[in-house]
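The chain below stands alone and is given as structure tokens, in the form predicted alone.
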Amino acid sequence: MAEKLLEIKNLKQYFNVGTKNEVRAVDDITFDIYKGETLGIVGESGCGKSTTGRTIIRLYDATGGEVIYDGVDVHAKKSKKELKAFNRKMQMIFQDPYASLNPRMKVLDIIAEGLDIHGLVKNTKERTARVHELLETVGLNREHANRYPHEFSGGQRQRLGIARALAVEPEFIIADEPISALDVSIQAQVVNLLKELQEERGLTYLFIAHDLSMVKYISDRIGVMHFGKLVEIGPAATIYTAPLHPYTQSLLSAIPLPDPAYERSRVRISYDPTSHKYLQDEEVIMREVTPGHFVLCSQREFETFAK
């Protein structure tokens, strides 16, 4: 069995809005990520998937729960040295490839920032050579090193973001909707690049997106989030072909296909969370229906699913 790289245990991320209101962006979720795999997290905007990624990498301090990376609790009190070592192992690719790149810095310095912080190069020559190598790795040219972010297209900027993440040779990358701001024609190129890099470098990904079709293509397993809750998680093929939670079924029913005959007969499944059974006074927990396939449900629902 594959080795666990990341364990998320009862993770909570709550935000106070005003004096009395509390937003439960991430509400008591638990899952594991194994070395070398891609776990896709999907859900509509505002479901908490990006907040989950940012809390894992410690851009936010968790309200509760544990994030255990390679046996170490990420959110436990740590020295600057420990945090620096952790930041090298885990990197993030952001949704907006322009906003995440400093417009006043040249590409050379943007990509080399991690090299400088972690002391991974000995001199300017080695620094420049390393940046050139990274640019070519992500499908760009070494001549691009002397340009500024605004001189690149959206797809090229996202490649720069990938190069920056790769600079410190991480083990684990959180890709937070890395293709949502790109043209459809460019999305596949970026996803294929991520798959190639994973095979070459043995990377582990948490791939966050709202497009189930693209997530299925890149992911080994898929988790579905709704209102801060993880409602279903399992092998990508299982989630896509045999979804059990009504919300997952609703998401899948909305995916269009380039088939006029299918589209004329496609039935969109509507999901109303206020009328769902698990809002009644029953214990609702993640239950394993089939090996590796977990669903947030009551005991009565579980018995129905398991038939």
Partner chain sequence: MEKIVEVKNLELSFHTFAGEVKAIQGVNFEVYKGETLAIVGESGSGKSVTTKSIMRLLPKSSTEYKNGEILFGGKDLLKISEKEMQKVRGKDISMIFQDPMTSLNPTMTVGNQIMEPLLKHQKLSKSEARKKSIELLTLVGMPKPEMRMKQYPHQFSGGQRQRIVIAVALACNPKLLIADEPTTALDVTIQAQILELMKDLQKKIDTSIIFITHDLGVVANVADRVAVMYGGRIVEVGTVDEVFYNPQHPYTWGLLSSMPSLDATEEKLYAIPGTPPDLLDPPKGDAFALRSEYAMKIDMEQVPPLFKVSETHYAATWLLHPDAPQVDPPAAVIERMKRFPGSRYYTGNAGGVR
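Numbering follows the first chain given and starts at 1. This is a predicted model, so every value here is computed, not measured.
Only in words, not in the display: the form predicted in complex with the partner chain, which the text now covers.
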query: The single option of 145, 166, 214, 74 touching the partner chain in the model of the complex, heavy atom within 4.5 Å; finding: 214
query: Residue (of 89, 195, 78, 130) lying close to the partner chain in the model of the complex, criterion heavy atoms within 4.5 Å; finding: 195
query: Partner contact for residue 45 in the model of the complex: the partner chain, 4.5 angstroms, heavy atom; finding: yes
query: Contact flag, residue 60 vs the partner chain in the model of the complex, heavy atom cut 4.5 Å; finding: no
query: In the model of the complex, residue 102 touching the partner chain (heavy atom, 4.5 Å); finding: no
query: Touches the partner chain in the model of the complex: residue 255 (any heavy atom, 4.5 Å); finding: yes
query: Full three-residue contact with the partner chain in the model of the complex, heavy atom 4.5 Å, for 183, 250 and 262; finding: yes
query: Among 37 to 45, 63 to 71, 50 to 58, 23 to 31, the region lying within 4.5 Å of the partner chain in the model of the complex by heavy atom distance; finding: 37 to 45
query: Residues of stretch 293 to 307 in contact with the partner chain in the model of the complex (4.5 Å, non-hydrogen atom); finding: none
